[in-house]
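In the form predicted alone, a lone chain appears below as structure tokens.
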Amino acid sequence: MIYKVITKNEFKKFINGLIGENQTFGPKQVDRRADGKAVYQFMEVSSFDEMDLNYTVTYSSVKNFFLPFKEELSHFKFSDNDWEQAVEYRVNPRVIVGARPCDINALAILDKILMRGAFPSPYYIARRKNTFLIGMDHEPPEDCFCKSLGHDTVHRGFNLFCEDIGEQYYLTINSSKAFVFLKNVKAGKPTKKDDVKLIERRKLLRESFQARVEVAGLSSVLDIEFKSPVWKKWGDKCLNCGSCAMVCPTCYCYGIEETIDVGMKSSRKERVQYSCNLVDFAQVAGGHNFRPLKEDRLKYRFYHHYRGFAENADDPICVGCNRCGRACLAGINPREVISDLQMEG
């Protein structure tokens, strides 16, 4: 790691320089909720001033830039006696500005599964390798519990990370590309005063967290409470809509769809995001469903997030952003479910 400090005016010049040379995405206000609070989303920007880097949280995470809701895996063309297959996963270089620590940590979890796992995805890797990711610290929303899971700070998965120390940003440089880019602007070495401001800033952010979840021994609680009535209590509320998975920064379950055009001359195979809460998620040929009950589907989603399956065995994938709790139409909040399980034990 290399550390620098940069004034906010110089940082603006730096970002505008990146925007001038690359497709760039940043947080923008796109709407307001019924209670008047702003709704933010990562959108393409053409200047620094279009972004609101003091945003609270985006409705969905930056995961969608790496695992889109739907993507074409291959395309086929048929002739009388032959067929051709086209597979393409090239991605133009791009920049994402303003990712929060928990979202960066979520990408690091997906990296472990989709880049370094037993079955790496070339589509994910192409997007990840061609994205210059700039993270920024922030004061947490009142319902965010990423500190409880250790995801309020970040040490990997980004190119450049910015921490607000007043008139300057304290920069953590985590790639040679970021180091080279910064040579075009005025960025200096941190002084002892800058280091003190950084420590104070980090302490302020740690103390700002209001929501907490007790995760010590949680994997054991889940094992003990596998048949707990808590699952039926919350499962009865579930609408099987899949909203939680759509906004989650680490859900990666998917389905495959193949579409053949009516003229029988071409077809395409597409990967579509899916959710283990959907009714047919565990349905197999012949119509048998291994998880016919709502409480079973909800339970296994929690086990995947807090206990770990297959590729991420014994490694929780929840980062505590609570997007699922905000998006759930039935009011299912992971903190309350976990609390009920712990009380049951």
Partner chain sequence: MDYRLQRQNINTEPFMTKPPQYNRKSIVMRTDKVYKCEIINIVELTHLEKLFHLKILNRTERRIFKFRPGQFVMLEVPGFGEVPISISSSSNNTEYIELCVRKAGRTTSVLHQAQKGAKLGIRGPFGTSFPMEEMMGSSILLIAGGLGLAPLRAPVYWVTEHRDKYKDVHVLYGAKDPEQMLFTYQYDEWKKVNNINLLTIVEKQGKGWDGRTGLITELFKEVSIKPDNTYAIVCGPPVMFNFVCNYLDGLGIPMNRMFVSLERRMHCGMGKCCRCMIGSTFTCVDGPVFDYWSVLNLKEAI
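Numbering follows the first chain given and starts at 1. Keep in mind it's a predicted model, so treat the numbers as computed, not measured.
As for the form predicted in complex with the partner chain, it is not shown, yet the points below apply to it.
The stretch among 252 to 260, 149 to 157, 165 to 173, 198 to 206 whose residues place heavy atoms within 4.5 Å of the partner chain in the model of the complex is 252 to 260. Think of it this way: in the model of the complex, the partner chain has a heavy atom of just one of 214, 236, 142, 84 within 4.5 Å, and the residue is 84. Taken together, 22, 92 and 303 are fully in contact with the partner chain in the model of the complex: each brings a heavy atom within 4.5 Å. Taking the partner from the other structure, the partner chain in the model of the complex has a heavy atom within 4.5 Å of a heavy atom of residue 267. Contact annotation for residue 74: at least one heavy atom lies within 4.5 Å of the partner chain in the model of the complex. In the model of the complex, at least one heavy atom of residue 281 sits within 4.5 Å of a heavy atom of the partner chain.
In the model of the complex, the partner chain lies within 4.5 Å of some heavy atom of residue 226. Taking the partner chain as it sits in the model of the complex, the stretch 11 to 29 comes within 4.5 angstroms of it through a non-hydrogen atom at 13, 14, 17, 18, 21, 22.
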